[in-house]
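Coming up is one lone chain in structure tokens, specifically the form predicted on its own.
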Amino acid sequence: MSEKKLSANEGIKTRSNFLRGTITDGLENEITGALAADDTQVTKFHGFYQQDDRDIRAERKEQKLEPLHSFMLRARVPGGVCTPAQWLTINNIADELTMSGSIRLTTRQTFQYHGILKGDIRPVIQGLHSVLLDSIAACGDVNRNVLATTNPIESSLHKDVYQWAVRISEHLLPKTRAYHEIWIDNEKVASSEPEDEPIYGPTYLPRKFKTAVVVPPHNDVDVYTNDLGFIAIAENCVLTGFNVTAGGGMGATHGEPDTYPRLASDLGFIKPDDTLKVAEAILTTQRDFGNRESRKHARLKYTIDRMGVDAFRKEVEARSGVTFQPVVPVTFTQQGDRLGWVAGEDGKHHLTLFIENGRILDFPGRSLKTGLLEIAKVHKGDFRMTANQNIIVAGVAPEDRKQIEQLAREHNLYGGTLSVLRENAMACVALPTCALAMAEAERYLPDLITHYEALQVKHGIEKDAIVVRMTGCPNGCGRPYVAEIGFVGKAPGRYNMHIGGNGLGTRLNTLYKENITEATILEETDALFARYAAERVAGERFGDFVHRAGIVGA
């Protein structure tokens, strides 16, 4: 029997010499703004992607110019927490070293820059390093930025859970010295020890790996959409352990039914001290059993479906030495963020600010970037980026609340009127920079939400918080498959429409209409909203209604 052929990326990782590749040589090549093709896969492990502006790609080709290459760099910020001093540097890097000048909050609870020229990558990474931030493992076939519930109200419990998110992130970091050699020291780090990756091995994971830690009843991180999840269990606000989940993932490929979104399976309950052992065992099981021939089938969800949940659980128990206990029942009540002011148990106040689709830039009438900069100059607490692309000004003392609110209002970060529909909407970047995008998302969703707001008013349901999400392709970075209404890009101006998520992030939606344009989207939504307004029962969410009414099945 002939051996299966490994995917091209496996060869690239094998040849990369623990993620070095020929990146250093490529940085010194001034003839092109790009890096070598293999290196563009290796650099993902260092936290950045090579991109080009697709809006002007054809124009540059006619001028016999190469595409306008630039890079998107994503930071690693476990739990999304950073200091005001760090934010000042984050802001200054955007101003000085990116073409776009923007900061974008991501659905992975961190930030990323767009439009970095090749010669500026090292200064960006060194700038982040100067304030104890990095970008290693923010992308690539490794465990990526670890999410954690951003709720700062129950301070002691959430602080404990946040610390576990940090510990998981640090424990599962690649150990290669390449990151510091290339970006920080600019020279090979002297060591008598041979290079090794004790957790990952020389070829790392078959595919990306995402982890989240959540505190019920607030599922702001959509924990079941992650490869690995830890659901905090507490008694009297004291952490007693975690329910562990595995096998979530949003990616799919159009026209290939053997690829699909999946919610994670429950493995069982563990004590806090077993967290790192179990996290490592799940990761190494995926390392050894994951599909390395087809990247479309390489995520942990396919490994678990192939092995079976029980066999996977037994393998993890054998590797970790931990026996899972029965899952502790939990209830989730909310998927999105709570905007505005809330008071914590420690007497501090916390202001959650809405950032539409996570794009922090100064817009006409809304100087978001300047406003956050001014807040960072005086804020004494911290900033918390959310997995829904918003930001919390956390830990505000009562005597400082007036000043923070005044700055937020002056820059229209707070105080305007937003529909609950818009507050809960989310989109990925998509065009013009994402190479995978088939349709618009970030640039189009705000306009679609405006149409939806009018339809809500028409049918008297404008106070209903319906979760709407859009992505430019089926990879699902904006987690559209757990939205009550999800749009997945199919082609320019065309989307697949999915409906039926439950607004809690614990149920997948269902494909409702395929390859439709805006006109059909609005026509279908008008009819759905009309039925919802007329036939719903008290307190029923839109996603629950379309199931009960038989409009879509499970």
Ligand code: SRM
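Note that residue numbering follows the sequence shown and begins at 1. A quick note: this is a predicted structure, and the numbers were derived from the prediction, not measured.
Beyond what is shown, the protein has a form predicted in complex with this ligand; the following relates to that form.
This chain is displayed without this ligand, yet in the predicted complex the stretch 208-216 from 208-216, 339-347, 416-424, 360-368 comes within 4.5 Å of it by heavy atoms.
For residue 303, no non-hydrogen atom is located within 4.5 Å of this ligand in the predicted complex, even though that partner is not displayed. Shown alone here, residue 49 lies within 4.5 Å of this ligand in the predicted complex, counting heavy atoms only. Using a 4.5 angstroms threshold between heavy atoms, residue 467 stays clear of this ligand in the predicted complex. Within this chain, residue 330 is remote from the site of this ligand in the predicted complex, having no heavy atom within 4.5 Å. This chain is displayed alone, yet in the predicted complex one of 98, 106, 291, 352 has a heavy atom within 4.5 Å of this ligand; that residue is 106. Of the residues 133, 394, 477, 81, just one reaches this ligand in the predicted complex with a heavy atom at 4.5 Å or closer; this is 477. Contact residues in stretch 426-445 (any heavy atom within 4.5 Å of this ligand, taken in the predicted complex) are 427, 428, 429, 433, 434, 435, 436.
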